[in-house]
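What follows is one chain in structure tokens, specifically the form predicted alone.
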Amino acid sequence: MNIRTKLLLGIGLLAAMIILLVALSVVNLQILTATDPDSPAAMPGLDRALLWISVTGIISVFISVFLLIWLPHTIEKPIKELTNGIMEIANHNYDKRLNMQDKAEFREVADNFNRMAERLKKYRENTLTDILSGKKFIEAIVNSIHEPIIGLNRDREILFINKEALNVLNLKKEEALHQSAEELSLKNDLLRRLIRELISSDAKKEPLKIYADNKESYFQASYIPIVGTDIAPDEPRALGDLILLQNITEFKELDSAKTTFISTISHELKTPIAAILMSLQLLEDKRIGMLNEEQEQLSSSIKESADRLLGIASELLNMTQVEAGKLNLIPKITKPIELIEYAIKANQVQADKFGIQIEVEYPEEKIPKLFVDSEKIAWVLTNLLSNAIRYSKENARVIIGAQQDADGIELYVQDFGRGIDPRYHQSIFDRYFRVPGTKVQGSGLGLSISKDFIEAHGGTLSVESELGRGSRFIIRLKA
């Protein structure tokens, strides 16, 4: 019996009982009005009328109560079953099925629901299979990479880590996977350094020296942010970070071999160059004999070339000291003016040759002394002043000076030459770099070594320059 038939039956039954009740009331009312009130049959007739009306009314009430309870229940039950089925599906219980074959109105709904649940079940099984297959494939790829890899989510929990990383970090997979990297780093020095460099963008990311596989190895850490566009393609969302350790042991060994080679060659070159200069000095001694004009020009040219070779050899030796970590500083208390005077004295002959006027800017009030390796800082100032003279026009002026600021002492050298394009303000401190179009000869090592010397003292070397307005190199040191 469907809901429509039940409703029609209930309403019809109620209507029939009401009609019956009304009919009984009307019939009995007519009988009573037709009977003489003083007649002996009046009271029994009245009692019979009340009895029939009461019985019919009570039956009608019982039927009404029965229909009130039965009808909503028969309608609510399939709806509740359907609602519960939907909730089961929402909770990923795709095995839920509805059986409403005796309910014609819901039979089609139940059949469609069951088909949907069956398809969702198959889709889920296929999706889980694909996900597991993809996960295993990704794990195989990660473990096939010979470089240590660590994957972190947004909460910096370890999502995946390959065998190489476990070996380098000296961890076990079960104690690392799905654990907080920050908590693990409290007991792991290498992981703590990696997390610190990941969090701090200002951290100096130097190669890591790690003892693994019974040998000393060097690794360069790379930090790659992982972003996704699954929600909004135009708004990438951070999903986590990838830490990749690249093994640079082979390159480090080659670099060390290169440094040793350059150091050896430079050291060996200084002896024959010194012998050439000594021979030139003897050759120019007038007590041995006078040189003609052509011989003097040739001797001067040889001396300039020998001096340039000696300077390059010295720069290469300084560079190899920095690269090998053998830069020994011997600090002592030094006045800034002494460093300036040394640089001027070392470059005076070159300045006179090109007619360059060296101006000194030094405050009249007393400024603090410096606790530095005076030889290294004097070498830097000498190199900066030499560059300023070489890149200035003839009969120009160059300024060298010192001043005190809130952070310490500034030593500076300024020229008024062609200037440096802002694009190259950082590159000029790289080794062997030369500004394109520069005609002045040089090794491209002076500024790089100068920067290393200054940073070894905890200071900074920077440049302020504009094309056509010259350059100003500034050394900042703590007093």
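All of these numbers come straight from a predicted model, not from anything done at the bench. The numbering used is simple: start at 1 and walk along the sequence shown.
The same protein has a further form, the form predicted in complex with ligand ADP, not shown here; the description that follows concerns it.
Residue contact with ligand ADP in the predicted bound form: H425 places no heavy atom within 4.5 Å of it. Taking non-hydrogen atoms only, N162 never approaches ligand ADP to within 4.5 angstroms in the predicted bound form. The closest heavy atom approach of G57 to ligand ADP in the predicted bound form falls outside 4.5 Å. Although the partner is absent here, T382 is not a contact residue: none of its heavy atoms lies within 4.5 angstroms of ligand ADP in the predicted bound form. Note that among 384-392, 181-189, 140-148, 82-90, the stretch whose heavy atoms approach ligand ADP to within 4.5 Å in the predicted bound form is 384-392. Not one of Y362, D373 and I409 comes within 4.5 Å of ligand ADP in the predicted bound form, counting any heavy atom.
Although ligand ADP is not shown here, in the predicted bound form the stretch 462-479 places heavy atoms of S471, F473 within 4.5 Å of it, in sequence order.
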